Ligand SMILES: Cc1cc2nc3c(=O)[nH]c(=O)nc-3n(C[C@H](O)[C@H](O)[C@H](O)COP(=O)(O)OP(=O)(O)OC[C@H]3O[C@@H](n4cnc5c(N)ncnc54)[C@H](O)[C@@H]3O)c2cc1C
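The form predicted on its own is given below as one chain in structure tokens.
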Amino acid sequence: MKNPIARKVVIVGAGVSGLSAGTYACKAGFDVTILEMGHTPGGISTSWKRKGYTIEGGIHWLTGSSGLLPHNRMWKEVGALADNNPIILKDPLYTLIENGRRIPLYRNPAKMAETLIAIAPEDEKAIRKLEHQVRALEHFHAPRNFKEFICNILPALPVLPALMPLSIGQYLLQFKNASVRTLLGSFINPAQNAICLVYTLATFAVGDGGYPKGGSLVMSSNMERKFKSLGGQLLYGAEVSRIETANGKVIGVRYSKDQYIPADAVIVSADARTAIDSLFGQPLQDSWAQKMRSNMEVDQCLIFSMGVKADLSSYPKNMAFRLDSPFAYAGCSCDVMMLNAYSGEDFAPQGCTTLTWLLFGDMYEFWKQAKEDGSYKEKKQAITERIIELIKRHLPEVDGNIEFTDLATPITLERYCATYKGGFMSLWKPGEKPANAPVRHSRIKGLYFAGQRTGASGGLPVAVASGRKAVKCLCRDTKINFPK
């Protein structure tokens, strides 16, 4: 039965948070339409195809993949995890290859520590400290009751003050051994808060952080299917231009050449930092919006991918190489190359491999200027050629077997997803609280927010939880029972 009080709900964006919100709203009995500017579900959590290869651009590990964690319930409620995408648990997680040896990073904290101490006995004290911090955060997730608060949160409290003021890069300086620093710093932007590294290792330690078979494409398609099965409507190619308000409440949404859909409630699951300036008659001037404008930094990256007509299964699926000298790109640099090797029917033709490398850094202005002065394609090609030479130096099997290359920049993400400065999530700066949008707008009745800009930096789990939270708030405001 449809909800008679706030019957029509319009959601801006069919990313993970929008599809999550749409599913929960349908379950609560609302009449729901999602408007998506693109032509595929998933938003930032996406994949794309080139010459028979699939490029994974979203999921690298999934918090909540384990049935033991609370987020798993949400993933199943929204249909993201189903029989068609069983979880793959990699162990070791990452492997550093240097000087003919392989140094693995294991899930188990004790095994991780013993392996690292074996190659860096000079860092034993720092490695044992890391092991302790990982164990302290193993169950650091939202408690459902007081007992869970005692078990989950209290063990983490003593270690958080030591992590909060540091970036990952700063945290890694405690390790004297360059190989240890390289391995631990290879898979998350070193500018992120140190909590992100330790919590991620803790996630892996409890058997979580798996990879759903088929990756982003299967997960987002599953969510779309679930939403539609509940009666939800999803319109693609529907770019929202204005959220209409009158007398302090939302009344509708304009999209795609001034088409209009009336609404009793609107959930903005598109990038809130972009939305506050572009989706209203006048930019929002709330204090939180002003804080977002002055204090919002985003995690940006280049996504390089390559199709290789060669079987690279003798190499680890996630391999890091310490570079002899820093690799410079788009005004940034790095000293480690982390390659993800995807093979099998989901990602590459038989006997072939898709390689990807994420290069982090604050580079939006570089690419924006290149776009404006006409040098964008030239600069992309120059970086691509240098990356190819670097990869061939470490993986000689690549030479002569490249079937395609692809380089997605922050401008690419901005174009397809309208994200602020082409960022894929907020950058959680050391010692600071993220500048977030509220779940419910205090002055505009019926306006809600979901997505990456409503919580601490955290990728997919933040997205799915934020959609649920927005609908829970909507249900409370309209005196409707939230679906159990």
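Numbering starts at 1 and runs along the sequence shown. Keep in mind that this is a model prediction, so the values were computed, not measured.
Not pictured, yet referred to below: the form predicted in complex with this ligand.
This ligand is not drawn, but in the model of the complex it has a heavy atom within 4.5 Å of Cys417.
When this ligand is considered in the model of the complex, Cys196 lies well away from it, no heavy atom lying within 4.5 Å. Contact between Val240 and this ligand in the model of the complex is found at the 4.5 Å heavy atom cutoff. Contact between Val12 and this ligand in the model of the complex is found at the 4.5 Å heavy atom cutoff.
The three marked residues, Gly42, Gly58 and Ser269, each reach this ligand in the model of the complex, with a heavy atom inside 4.5 Å. A heavy atom within 4.5 Å of this ligand in the model of the complex is found for exactly one of Cys352, Leu137, Ile303, Ala263: Ile303. Proximity to this ligand in the model of the complex, defined as a heavy atom within 4.5 Å, singles out one entry of Ile251, Leu358, Leu390, Ile411, which is Leu358. Judged by heavy atoms within 4.5 Å of this ligand in the model of the complex, the contact stretch among the candidates 455-463, 24-32, 65-73, 437-445 is 455-463.
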